[in-house]
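One chain is shown next in structure tokens, namely the form predicted alone.
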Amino acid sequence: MLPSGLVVEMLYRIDDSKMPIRLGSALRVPSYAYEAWGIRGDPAELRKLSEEAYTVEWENGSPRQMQYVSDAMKRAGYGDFPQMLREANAGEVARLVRARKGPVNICDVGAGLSTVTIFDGLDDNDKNRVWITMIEPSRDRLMSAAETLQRKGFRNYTPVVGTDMQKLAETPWGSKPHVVSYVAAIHHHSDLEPPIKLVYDVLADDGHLVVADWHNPMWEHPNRVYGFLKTLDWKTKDRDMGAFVEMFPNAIVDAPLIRDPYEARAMRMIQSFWKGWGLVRTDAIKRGEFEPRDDIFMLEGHRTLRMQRRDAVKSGFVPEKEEQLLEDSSLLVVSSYRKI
């Protein structure tokens, strides 16, 4: 029997309540990095615990969460990277829809603004021949997107409250989906093989998995997180940093050198984002606007593009297209994988 959601949230997690950025549980980092983080146990059980931690965090997520993320990116000195990623994903989905004849089933996992952007990006003559299934653990975010689609005159959609691992195989498809899309969502899984294999099983023959995501090597080693935390200031810093080292001893062991310049740049950019998030979060708290469900946790399953590609290929997909959105960084990439 799995621990309750509250207990799972506290596994491999220090008291981060006084920190400017909440860490969350290290169960959320990429599973191939568990050894570096000192996380040990039965892989299947650890995967279940990680999925539970993910569900607890995101099922209560607020609609304005994504606005805070965009604000943090701008505060870091960059553009609206979340919308850039959504629009690039929508462009790839529209391309795949144009290439097919007849009705097209689309499934958007982590639905919300990404689904609205997909609809807006479709050619006018394609909007009447698609059906979009929206899977999202946050009911509020899901219903907000559904209401926007209604206002735009679109009715061909099915909202499904839940995660991909809970609902993707249960969705009562009229026919199998031709395109399954994830925008900044698949990294919520510590282990990508189970969700990617599930997508492979439910997809129509010659269907596509489109992943638009943030890629960086930050979470592959606790020393990289420890080094970043040292650049921040808060009242209980000495206590919290000591607790971090006690729980994750490798925090004071040098992490492997990042040799790929695009990956190194991506890590610096994600660190800038988190500094921006801390400022946006602090300002919102001071204004009395910030709610617990607006929060996001720093430790997640972001990984490098090559590690995502590895799991897609192992699951039977063929990489068809990879679009790096930033000239000098592999932080934002839209990948299209074809089922064979």
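Counting begins at 1, following the sequence as shown. Everything numeric in this text was worked out from a predicted model, so none of it was measured.
Keep in mind the form predicted together with a small molecule is missing from the figure; the text below concerns it.
- Stretch-level contact check against the small molecule in the predicted bound form with heavy atoms at 4.5 Å: of 220-228, 71-79, 112-120, 241-249, the positive one is 112-120.
- Scanning L192, V199, A184, I270 against the small molecule in the predicted bound form with a 4.5 Å heavy atom cut-off leaves one residue, A184.
- Contact check for P137: a heavy atom falls within 4.5 Å of the small molecule in the predicted bound form.
- Of the heavy atoms in T133, none are within 4.5 Å of the small molecule in the predicted bound form.
- Using a 4.5 Å cutoff between non-hydrogen atoms, M66 counts as a contact of the small molecule in the predicted bound form.
- In the predicted bound form, no heavy atom of H215 sits within 4.5 Å of the small molecule.
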